[in-house]
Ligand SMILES: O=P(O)(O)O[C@H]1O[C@H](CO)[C@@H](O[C@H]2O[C@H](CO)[C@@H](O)[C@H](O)[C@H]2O)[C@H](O)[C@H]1O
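The chain below stands alone, shown as structure tokens; this is the form predicted on its own.
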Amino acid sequence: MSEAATRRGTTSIAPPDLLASLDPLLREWLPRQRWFAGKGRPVTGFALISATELLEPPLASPGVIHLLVQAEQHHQPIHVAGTPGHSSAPHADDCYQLLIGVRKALPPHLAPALIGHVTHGPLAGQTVYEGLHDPGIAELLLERLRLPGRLGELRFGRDTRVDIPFGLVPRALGAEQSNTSLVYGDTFILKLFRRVVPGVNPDLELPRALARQGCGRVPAPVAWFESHQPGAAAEPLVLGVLQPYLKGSADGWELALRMLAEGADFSGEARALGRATAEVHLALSRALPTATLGHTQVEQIAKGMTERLEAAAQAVPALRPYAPGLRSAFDALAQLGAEGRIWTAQRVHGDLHLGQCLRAPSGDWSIIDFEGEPARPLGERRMPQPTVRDVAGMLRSFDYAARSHQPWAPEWADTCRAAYCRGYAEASGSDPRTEPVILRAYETDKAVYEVLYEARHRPDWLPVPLAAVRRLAAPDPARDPGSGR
């Protein structure tokens, strides 16, 4: 496609008319998407945040319209499957990024991408569809990322030291839930954020900071794009990040399950992964400001954990018998803070588990997806945290893998958890197990989160975090937090 074509951004379609014509189609289509966060609540309408034509329909075929729309949903409780309780809706009026393709008719290979047929408005008589399934539109997006600058309310940036070749064939990855990724010729991967919020996205901020530190454990961003709304005080919305694609790398979760099934030892990989985690933490501590957590801050952390426990126990009755024992982990943390114990907080991954780690054929581990837990507010995800939060997340992931195997392999989890902590200590000089109180608190907080998540989304998996809950609630002060038991 020509540079003139990729720079085109017109205003021939009046945005109010456009949204009105798409509204009934999006109400049906949007809630069916895996990345739609407001499931369980009907969409009552849409508010247009921005509309940018990348290729003008119907002059171009396909036409391409980039939309940011706010899905309006009434607040109402969501029933937690298998329980008599209810939980509050986690999001309301979320903003979503859509890339709409426009054609007179869809070719057969694009039939699964259909959104619907427009009957009125500026696109009357046209067929609209999920544009990211169209290789031509995916190619257009990569062409646009080559060209730093503005297109309507979209702003494109890139690292000009890195060449982005022409002719890279795109393909969509199908295993994700909260975002959409396109791979270009096994060279780059473009992650597009579906639910977007104003502010600096950690999935762009932290890899760029790590790249400045020369940390090779995280793929450095090559290009990115944002939406800049009118108004000096408006914060940008990060829409997508292009990074090197780690061809041939094995997903840590899938690798662990495969080695479990083969009866192979995973402790060496766990130890190497511990070293990789520590190297990333050390680089982040150099790249971005750190903070000291004193009595007040530790008390607030423990209070937040307790409140999450109480909310989860209200929603999931199976958790209630263990609540007093679990609360003791948070009380012990608060007590240490009251006694004057302090910790250092820094930027961390925020949602670390085996699925966020890739092992190269060389044996080196990389860590990806620094967005944090998408359900948590952006400001919270960008706050400095104790590094033990990431460690606890990985320890829980080993436990999940062991529980996913039949028969259950608790010794495998024990060995991996201990090896991971040893590897972390080798790179950082500090073994997480020497801080059992804060490690237990964060692992308990994570297990409580998992119970609520599984009760809502995967009830068949609920026994996995409940097994950890039973262990963590037990009155055993001599417990080794690096153990899976």
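All residue numbers refer to positions in the sequence shown, first residue = 1. In this text, all values refer to a predicted model and were calculated from it rather than measured experimentally.
Below, we turn to the form predicted together with the named molecule, even though it does not appear here.
Of the candidate stretches 340-348, 125-133, 308-316, 394-402, only 394-402 has residues with heavy atoms within 4.5 Å of the named molecule in the predicted complex. Looking at the named molecule in the predicted complex, residues Glu205, Arg212 and Gln385 place no heavy atom within 4.5 Å of it.
A single residue from the set Phe36, Tyr449, Trp29, Phe46 has any heavy atom within 4.5 angstroms of the named molecule in the predicted complex; that residue is Tyr449. Taking Ser285, Ser227, Gln356, Gln97 one by one, only a single residue has any non-hydrogen atom within 4.5 Å of the named molecule in the predicted complex, and it is Gln356.
Proximity of Trp253 to the named molecule in the predicted complex falls within the 4.5 Å heavy atom cutoff.
With a 4.5 Å cutoff on heavy atoms, Glu279 does not count as touching the named molecule in the predicted complex; it lies far away. Although the partner is absent from this view, Glu454 contacts the named molecule in the predicted complex, with a non-hydrogen atom inside 4.5 angstroms.
Mapping the unseen interface onto this chain, Glu139 falls outside it, with no heavy atom inside 4.5 Å of the named molecule in the predicted complex.
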